[in-house]
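Okay, here we've got a single chain as structure tokens, the form predicted alone, with questions on binding and movement later.
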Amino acid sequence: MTALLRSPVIAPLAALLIVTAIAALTTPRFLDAGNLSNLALQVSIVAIVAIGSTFVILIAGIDLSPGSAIALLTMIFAVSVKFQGVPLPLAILLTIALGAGLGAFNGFLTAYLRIPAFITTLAALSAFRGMAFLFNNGSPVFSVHDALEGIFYGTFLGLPLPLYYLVLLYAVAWYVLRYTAFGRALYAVGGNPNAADLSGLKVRRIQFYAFVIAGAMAGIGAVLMAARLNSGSPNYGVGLELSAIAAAVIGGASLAGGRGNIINTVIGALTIVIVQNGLNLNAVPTSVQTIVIGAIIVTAVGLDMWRNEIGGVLRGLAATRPGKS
């Protein structure tokens, strides 16, 4: 029993089951087939961006910029396809590459210029959003391409395409973190950067690449956001960075670095999206939803900080059960 309680998947899974039960009990519409299909689509963007957030958190960093990056990237994507005539496949690749470039900018400032990630990405949050308003006089671009919506709303074998994107990206991320030298280096750098440096790891390079990956995930998220709405807008992605960070933290990633599980991140993303969906179905105002997400983040971080104390209490209770000497 104690070994089961120590499993890293238990807490995130318990949180997911609790919020699912609450949502199902508070509104009968939650279990409708249409709503469940909508949930599958909603979670895709949050979960994909959360991959990047997890990589950055593993190195004891933070990335506050993906929401604003998505706004900027959707505008560049929409303008390039609709007004510049860039072929759709090429525009998709360029958007992902540009997202990686935005991540590289954050990574360079953080890793090589030694500016704290919080400051770097907070500045990027503001700058990227402002840059998005420079395109098309700050107005959204609608009806970008006839084939665009199929990328998001298309199905294969009865399942929505975003689920396939999600499974593929998480499988790659899981393999990288579990079986590659780079993945092991991420944990080492986040756990103790000085020891990692003494062991011969290129700490700054690893930190840099973590942000590049986060930027690429934002680029993929931007393509899916543009496909979902067949448009680009400087107002897209507001609050998405908080949802992505919350997904990683609920999944057990430690903001102190060096600890996290990419599979748990997708559980955390599902938890966040179900909370938002349940609140929407119950007609809870957006302002209150924001407060709830903030409270979830604080609770998740608090539980992470008190993990050892909570574990000690549980082990003490287990040791004092009747029949124990």
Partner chain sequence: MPDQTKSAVPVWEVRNLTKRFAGIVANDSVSLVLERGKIHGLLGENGCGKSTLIKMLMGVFRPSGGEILRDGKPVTIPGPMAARAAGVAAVFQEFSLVPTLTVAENIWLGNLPGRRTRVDWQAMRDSATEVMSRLSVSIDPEAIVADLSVADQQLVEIAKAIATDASMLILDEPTTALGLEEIHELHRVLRGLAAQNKAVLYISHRLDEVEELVDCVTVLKDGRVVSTAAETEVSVEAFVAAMIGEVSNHYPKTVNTREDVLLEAHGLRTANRVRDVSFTVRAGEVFGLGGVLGSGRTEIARALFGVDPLLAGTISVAGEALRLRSPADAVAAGIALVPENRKSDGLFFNFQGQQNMSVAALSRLGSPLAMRLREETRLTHDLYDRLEVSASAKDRLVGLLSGGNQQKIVIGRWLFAGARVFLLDEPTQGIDVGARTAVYNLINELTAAGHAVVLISSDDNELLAMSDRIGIVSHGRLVDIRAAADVKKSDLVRASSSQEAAA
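Not measured: the values here are computed from a predicted model. Numbering follows the first chain given and starts at 1.
Keep in mind the form predicted together with the partner chain is missing from the figure; the text below concerns it.
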The one option of Ala188, Ile96, Leu240, Leu224 with any heavy atom within 4.5 Å of the partner chain in the predicted bound form is Ala188
Heavy atom within 4.5 Å of the partner chain in the predicted bound form, from candidates Ile76, Leu161, Leu255, Leu201, belongs to Leu201
Q) At 4.5 angstroms, heavy atoms only, are Thr155, Val167 and Arg228 all close to the partner chain in the predicted bound form? A) no
Assert contact_stretch over 87 to 95, 212 to 220, 109 to 117, 192 to 200 against the partner chain in the predicted bound form, heavy atom within 4.5 Å, equals 192 to 200
Would you classify Ser143 as touching the partner chain in the predicted bound form, given a 4.5 Å non-hydrogen atom cut-off? no
query: Should Phe83 be classed as touching the partner chain in the predicted bound form when contacts are defined as heavy atoms within 4.5 Å?
result: no
With heavy atoms only and a cut-off of 4.5 Å, decide whether Ala181 touches the partner chain in the predicted bound form.
yes
Worksheet item: Heavy atoms within 4.5 Å of the partner chain in the predicted bound form: does Phe133 have any?
Response: no
